[in-house]
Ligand SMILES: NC(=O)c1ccc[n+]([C@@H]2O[C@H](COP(=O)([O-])OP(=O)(O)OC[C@H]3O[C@@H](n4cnc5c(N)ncnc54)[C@H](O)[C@@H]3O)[C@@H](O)[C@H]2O)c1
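In the form predicted alone, a lone chain appears below as structure tokens.
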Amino acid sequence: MLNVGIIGLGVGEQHIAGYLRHPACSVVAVCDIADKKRVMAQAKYPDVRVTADADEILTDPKIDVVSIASYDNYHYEHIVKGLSNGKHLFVEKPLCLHQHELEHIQALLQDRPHLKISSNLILRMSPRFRDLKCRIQKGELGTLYYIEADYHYGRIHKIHHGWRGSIPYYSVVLGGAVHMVDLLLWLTGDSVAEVAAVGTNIGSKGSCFKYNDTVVAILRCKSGMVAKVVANFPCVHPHFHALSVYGTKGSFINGTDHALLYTSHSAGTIPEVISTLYPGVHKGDLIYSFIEAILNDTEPEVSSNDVFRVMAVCFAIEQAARNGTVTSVCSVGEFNDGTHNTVWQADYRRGRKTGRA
């Protein structure tokens, strides 16, 4: 049996069901800083230890796996302590908030290749997007050349009045668009070479939120494909992941009720209606794969390398929006050629970084 602890009982409570679905897991401790959440947990899970101190979970030698679902600004601190104490970690996105933190996490994991770390990039478990990936792999869309991936948050009150607006720094790219970046990389198998981006906070004027609430990024991939990724938090629109994928043989357009696949240029063409479930996922659906990876020493559905690649692209978007410059996303060992800013991207395989010296 693997003993599990969970830090943060917002979305973290949904992790509990994910762990309980695996016969090799036992949730033994949960943590939250809010009195109300701890009272709820004590009543709902009477056999589970409840604490307000995350260190009790991160340093407990009897706990093997920790879910980190604390506020974003605590993720890095909790990851460092968890890895240092030999824990496998399942982390809510984003992994961390700053590039130097990501590099430190990579270094810690390099020295501990037996430990697993993953992040809850849950959209790749959506039946509709899994169906789309199969169609892309079969060649139904031909060669991909352009993707639009827009994260319509539609819940602006959560950054104006919730914890997102009260912590020292919150990023709509790292907290929202990260899902669309992961979809882009996962669906295509491509890598991002460089990005340009701009942002605005018009939608948050007069509120306590002082950072960009909308960011638009243009990405150039190594294959030559281009993409647009947007974090749109103040939109007057239900929460939605707008995804349009354009290939030489077909175009996929996601909708709230169904998606459409066009395979003809002709006027009056009736597209194929794709009715697979969207989003059709539970926040704990990646956990079973994560536990299997721990038990069998394999890669989970979202590997550490997947997470590092996604985070590197997001940090490049952040830097491009902040500095107004084109920002390259390079592999470890590649050097800035002096014409672009650079964000490093790790190629992490079995505990070692590889790259071109």
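What you see is a predicted model; the values in this text were computed from it and never measured. Residue indices: 1-based, along the sequence shown.
Missing here is the form predicted in complex with the named molecule; even so, the following discussion is about that form.
7, 11 and 78 all contacting the named molecule in the predicted complex, non-hydrogen atom within 4.5 Å: Every residue of the spot touches the named molecule in the predicted complex.
Please determine, with the chain shown alone, which of 215-223, 229-237, 246-254, 161-169 has non-hydrogen atoms within 4.5 Å of the named molecule in the predicted complex. Looking at the other structure, the answer is 161-169.
Heavy atom within 4.5 Å of the named molecule in the predicted complex: which of 283, 152, 116, 135 fits that? Just give me the one. In short, 283.
Heavy atom within 4.5 Å of the named molecule in the predicted complex: which of 194, 101, 131, 72 fits that? Just give me the one. Of the listed residues, the single hit is 72.
Contact test in the predicted complex: residue 49 vs the named molecule, heavy atoms, 4.5 Å: Output for residue 49 is no: heavy atoms all beyond 4.5 Å of the named molecule.
At the 4.5 Å heavy atom threshold, is residue 82 in contact with the named molecule in the predicted complex? Outside the cut-off, so no.
Quick check on residue 32: any heavy atom within 4.5 Å of the named molecule in the predicted complex? Yes - in the predicted complex, heavy atoms of residue 32 and the named molecule come within 4.5 Å of each other.
Spell out, yes or no, whether the shortest heavy atom distance between residue 122 and the named molecule in the predicted complex is within 4.5 Å. Output for residue 122 is yes: heavy atoms within 4.5 Å of the named molecule.
Going through 200-219 from first to last, which residues have a non-hydrogen atom within 4.5 Å of the named molecule in the predicted complex? Going through 200-219 in order - heavy atoms within 4.5 Å of the named molecule in the predicted complex - there are no hits.
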